[in-house]
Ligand SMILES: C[S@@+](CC[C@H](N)C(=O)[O-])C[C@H]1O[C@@H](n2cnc3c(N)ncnc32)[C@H](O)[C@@H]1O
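One chain follows as structure tokens, the form predicted on its own.
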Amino acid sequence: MKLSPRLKMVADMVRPGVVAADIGTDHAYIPIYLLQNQICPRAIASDLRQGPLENARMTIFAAGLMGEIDVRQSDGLDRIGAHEAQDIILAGMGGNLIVDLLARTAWLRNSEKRLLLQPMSHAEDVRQYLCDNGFKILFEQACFEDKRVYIALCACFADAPLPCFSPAYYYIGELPANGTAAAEKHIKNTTGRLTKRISALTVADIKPEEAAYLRAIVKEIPNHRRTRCADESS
């Protein structure tokens, strides 16, 4: 199985030897890759809709892995048991949906679990949910695919209290420590997106509180980046 850069980025975050659950799996590309490369002994491929599940079954059957990958219809993690998987993959979906699925799965609050999250939008909402609910972002990755930048986060529930995070952290997270061209591009794109929003609000003369909030974030991002890099080097 040859994965796209985005899916390969996520698959490479899975810990060797664990059982992984790929939520919203579609064609089950990641579970197949994990087993073919002997990263995982078993995997769960789940999706809400019957169509993607049939795609997954066909791809798994063609790979000869029907006995090692459990194909399951589930709304998020609703039909995944706490004991069944250690690394949980939520990739290729909006950040708001990721937050919703995490919020209703209490058993994820376990430091032995790893969340591998690849939001297609609203990554800031995912980071804020994690930080506000006791999850620590361990690291982030970024990659280019078809001239677009994608990011992924690895997080786990923290056994110790977390520090307070600035609003800028929700927008760029641990990407400054990544140091790759893709990470730098994503930070630049994020700053540009916020600047455009500020400009639109200013021209329309609406929501001055939001505009002021976003201006503070844009101003803070360069200092936040330097602080994170300094922390990593110490």
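Residue positions are given as counts along the sequence shown, with the first one as 1. None of these values were measured; they are calculated from a predicted model.
Beyond what is shown, the protein has a form predicted together with this ligand; the following relates to that form.
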Answer with yes or no whether M93 is in contact with this ligand in the predicted bound form, where contact means some heavy atom within 4.5 Å.
yes
Taking heavy atoms and a 4.5 Å cut-off, does L101 contact this ligand in the predicted bound form?
yes
Does S74 reach this ligand in the predicted bound form if we count a contact as any heavy atom within 4.5 Å?
yes
Does D70 make contact with this ligand in the predicted bound form, using a 4.5 Å heavy atom cut-off?
no
Only one of 61-69, 42-50, 203-211, 183-191 has residues with a heavy atom within 4.5 Å of this ligand in the predicted bound form, and that stretch is 42-50
Name the residue from L162, A82, L138, L97 that puts a heavy atom within 4.5 Å of this ligand in the predicted bound form.
L97
Stretch 1-21: residues contacting this ligand in the predicted bound form, 4.5 Å heavy atom cut-off
R6, L7
